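Here we start with a single chain on its own, the form predicted alone, put down as structure tokens.
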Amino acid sequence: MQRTEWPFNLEVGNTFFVESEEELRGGRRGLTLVVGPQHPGSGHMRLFVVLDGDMIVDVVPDPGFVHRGIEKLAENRPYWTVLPLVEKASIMDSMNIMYPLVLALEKALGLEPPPRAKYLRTIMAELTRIRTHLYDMALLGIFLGHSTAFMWGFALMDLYAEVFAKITGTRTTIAYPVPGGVRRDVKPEHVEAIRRLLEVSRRKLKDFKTLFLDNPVTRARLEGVGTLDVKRVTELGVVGPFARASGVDYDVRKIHPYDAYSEVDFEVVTEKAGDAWARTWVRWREIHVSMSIVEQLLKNLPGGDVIDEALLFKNPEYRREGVGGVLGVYTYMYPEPGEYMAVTEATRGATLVHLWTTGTQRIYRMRFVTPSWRNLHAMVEAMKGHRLADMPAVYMSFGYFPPEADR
């Protein structure tokens, strides 16, 4: 943290303009601290924190330091090259963050993935959800000064990365789904690797819970901190587990199921307290729900192709190489002119893609709405009225990921 250098003009998020430090404080006494944008401070996001003593009076966010420009870049590229571009917005949650784009493109191209592909997509989405929750738990641990939780979280994440590498060839940004199906089929040894991964996860998570979540210091740092009730999170448009932690019973997977989610039975996890602990506990419970979903899907995994017959007809070599080796098949397909939209439940909340197409292979316009951007204002509001020492706990209780918000 550092003291601000005033006076100067400051534009924050294109919506907030400050002429002086006095204006930022609203005439109040206090100290204004700048947190970030250095990575150890807030993960590439700057916060102007107004303090009265060590109490937080106001917080003004200044996002945009890792702006990807994905929406604009999508206008200048063939649609099939936008897929790996989008997943960079949330690298740990790469499967879920690109999911709505794939679904929207399928509507535009008139493609329908076969049942096996739908199951495989859903399996990878839930494995990615588990890994992302572990990532956020690990960062919450280090933000609270619990370095062991940080190391345990990343060690568990690495097990998932190894399984992703076996199936897709890469550990993190897997770019697994494509319009009409998935890049590659799974082999029997891959299915067995996933089953072993879930077994190991359940055993390791018991110890992780004991050392971190059952730690009385962790509970003391999170309970009653950063509380937002159901009315306020609804007004602020909060999404995902952070809304469900305040009692909002909404999950896109359940309300508007896509791919294989209609084929599985799972609980929408909610809590009512709306504090940092509830936001953490909801995500912890969701890890176990995701494991149950994956087990159900593996048990009933259908056979057959993993790509739409229309693509197989144009390129029969797919069965041998997989889409990863024959992406040129899409050069023969043109999206129908019109508007296409899809929304999915990414790990941190609802993610929406809205496409405008004109019949060429280049997208005319793409709107990409991510959960971290939706949750930003709630996060900074939840900090107000607490001590400065509570700010890191509130920050990571929202799982805020700057590149996902800046997109």
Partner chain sequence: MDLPFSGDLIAALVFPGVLGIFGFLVVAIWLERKLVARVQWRYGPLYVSKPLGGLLQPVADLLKLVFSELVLPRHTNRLFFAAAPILLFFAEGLPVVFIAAAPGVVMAPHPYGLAIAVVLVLLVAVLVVAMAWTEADKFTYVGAVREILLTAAYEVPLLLAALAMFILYGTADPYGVVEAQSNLWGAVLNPLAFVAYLVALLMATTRFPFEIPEAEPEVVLGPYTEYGSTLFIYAFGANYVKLYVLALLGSVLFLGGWLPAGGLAGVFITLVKMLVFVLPAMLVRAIYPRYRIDQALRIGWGKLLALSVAAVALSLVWRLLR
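Bear in mind that the values here come from a model prediction, so they are computed numbers and not experimental data. Positions refer to the first chain, counted from 1.
One more form of this protein should be noted, the form predicted in complex with its partner chain, which is absent from this view; the next part is about it.
* Asked: Hey, of 118 to 126, 146 to 154, 263 to 271, 244 to 252, which bit sits against its partner chain in the predicted complex at 4.5 Å between non-hydrogen atoms?
  -> Flagged stretch: 146 to 154.
* Asked: Though its partner chain is not shown, can you say which of N215, T227, S292, T234 has a heavy atom within 4.5 Å of it in the predicted complex?
  -> Of the listed residues, the single hit is N215.
* **4.5 Å heavy atom contact, V34 to its partner chain in the predicted complex** => Although its partner chain is absent here, V34 would touch it in the predicted complex, with heavy atoms inside 4.5 Å.
* To do: Consider K204 of the chain shown here, and say whether it contacts its partner chain in the predicted complex, taking contact as heavy atoms within 4.5 Å.
  => Output for K204 is yes: heavy atoms within 4.5 Å of its partner chain.
* Asked: Does I142 reach its partner chain in the predicted complex, with heavy atoms at most 4.5 Å apart?
  -> Output for I142 is yes: heavy atoms within 4.5 Å of its partner chain.
* Is L211 close enough to its partner chain in the predicted complex to count, meaning some heavy atom within 4.5 Å? -> It does: once its partner chain is placed as it appears in the predicted complex, L211 has a heavy atom within 4.5 Å of it.
* **Interface residues of 383 to 406 toward its partner chain, as seen in the predicted complex [heavy atoms, 4.5 Å]** => Sequence-ordered list: R387, L388, A389, D390, M391, P392.
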